[in-house]
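Take a look at this single chain, the form predicted on its own, given in structure tokens.
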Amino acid sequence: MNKPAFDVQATNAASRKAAPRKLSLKERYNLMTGDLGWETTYQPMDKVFPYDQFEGIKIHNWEGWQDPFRLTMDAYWKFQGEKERKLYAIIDAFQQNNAQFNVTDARYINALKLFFQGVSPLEYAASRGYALAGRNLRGVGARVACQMQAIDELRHAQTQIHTISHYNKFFSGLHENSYMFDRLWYLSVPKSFFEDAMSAGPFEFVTAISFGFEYVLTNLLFMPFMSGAAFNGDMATVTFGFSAQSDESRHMTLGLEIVKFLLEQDPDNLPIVQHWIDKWFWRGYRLLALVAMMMDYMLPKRVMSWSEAWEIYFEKNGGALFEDLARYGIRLPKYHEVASKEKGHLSHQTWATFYNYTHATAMHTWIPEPHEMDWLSAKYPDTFDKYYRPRFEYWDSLAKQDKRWFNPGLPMLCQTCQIPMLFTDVGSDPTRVVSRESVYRGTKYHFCSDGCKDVFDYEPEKYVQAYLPVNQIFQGNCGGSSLSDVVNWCHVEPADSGDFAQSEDRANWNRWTHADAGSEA
């Protein structure tokens, strides 16, 4: 029997017809994120997700949450894996070539210490915070966004530890950053910032970190550090900064989308979101006092002044952002005008405080050199020569008489931001320290500003529980009653603290680089 002829064209046509169509990027993203969620049946959704309503935020349509990047997990791992390969190749080359000797001088390493002690632990805290927030948001898109940012933040902490571990072989103050983060007095400032956010509800957390810090203030943190590292020859730090930059751009975009999503869901969300923006702008601004000090005093080669950075990244860029948000009813954060007035004073006051208490830190301080004071005079013509140069010149004269000034007392701390009461009334009398008070249940609490007092007064039950290092020292809870007891309890070694001129870091640097070969001869 003859077999029927095989119709190749018909078979191919049938195959083409049966082949599934290729999904669009949006459809594929929905299948791999939003469509993985479901309505619970064994327990009601309100019981499974009890914390996304108690803040008063109203969400009518979780489908309105849009991830602008539409990044799926398989694409995420591929993208991040490629960045890891490049990063660790550069770190390996940096170490093999002893590139730590390419930085300008050993003073720069103290900026790295400040970053490693005060910022890197925040990356890990952010990872924990986003994992917690993701668990408590019932919208699948929001949970996926939080999951990816939690992984991002954990990766940032790891790459920073791996990069800076090389410097730990040569310089002091880098040996136990996570331990110090829990105990050292000045590190309670960033620590309390994140603990405040993590102990809030999930919507406040993502507004505080994704919008308040990542979008409004992150350029004032990462741009100075990474640009400062590049200017001062620290290419390892620049590399992990670049590796994190694409992640930061996603985080910033996510922060803006979060605020818009909340404001578009219900008009009752507006006053809640505005309060959070006011609160977290001020809390983040106070935290940035450490960055202001780093920019103006800790970089041997300076990128720009703190005042210039504030004008660019907040007054101009931030001003444009809030003009865009005005259509939702959002205004500039409360006390933004105070922050702008303080830009001529903030870094000088903070550095002066660290100079006073450098015997109880894990870094070194110093008096600016004459050409550096001239630079500060040029950048701050209205404030530096009038209020701060005389102070530094006096301390310098004491040091030259072997009477280097260290403050033997303990400062009063602000109950909210936990910074010593060092900020002055720049609006009327820049020589007078600002001091505000509130009485709650018969106990008086002290604040460095109206902004910190407002934060406390809105929810005092939260801030009366604050762990203030100075208070704990006086109560005998920090290793003992003497300064040496407290410093040992913090795992600060003798080489970690004190004046840079007498430090082991300076002596080692001069020996390694032959910087003082002539004087030794």
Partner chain sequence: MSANNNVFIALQATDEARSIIDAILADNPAATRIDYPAMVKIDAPGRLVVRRESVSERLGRDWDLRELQLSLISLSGNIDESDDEFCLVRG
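Residue numbers count along the first chain shown, from 1. Source: prediction; values computed, not measured.
Keep in mind that the form predicted together with the partner chain is missing from the display, and what follows is about it.
- Each of R28, N219 and D324 places at least one heavy atom within 4.5 Å of the partner chain in the predicted bound form.
- Among D450, E82, D382, E264, the residue placing a heavy atom within 4.5 Å of the partner chain in the predicted bound form is E82.
- This chain lacks the partner; the member of D374, D92, E315, D182 within 4.5 angstroms of the partner chain in the predicted bound form by a non-hydrogen atom is E315.
- A75 belongs to the set of residues with a heavy atom inside 4.5 Å of the partner chain in the predicted bound form.
- Using a 4.5 Å cutoff between non-hydrogen atoms, F116 does not count as a contact of the partner chain in the predicted bound form.
- Although the partner is absent from this view, F193 stays clear of the partner chain in the predicted bound form, with no non-hydrogen atom inside 4.5 angstroms.
- Of the heavy atoms in M223, some are within 4.5 Å of the partner chain in the predicted bound form.
- Between 365-373, 102-110, 211-219, 157-165, the stretch whose residues reach within 4.5 angstroms of the partner chain in the predicted bound form through a non-hydrogen atom is 211-219.
- In the predicted bound form, the partner chain lies within 4.5 angstroms of at least one heavy atom of each of the following residues of 217-239: N219, M223, S227, A230, F231, V238, in sequence order.
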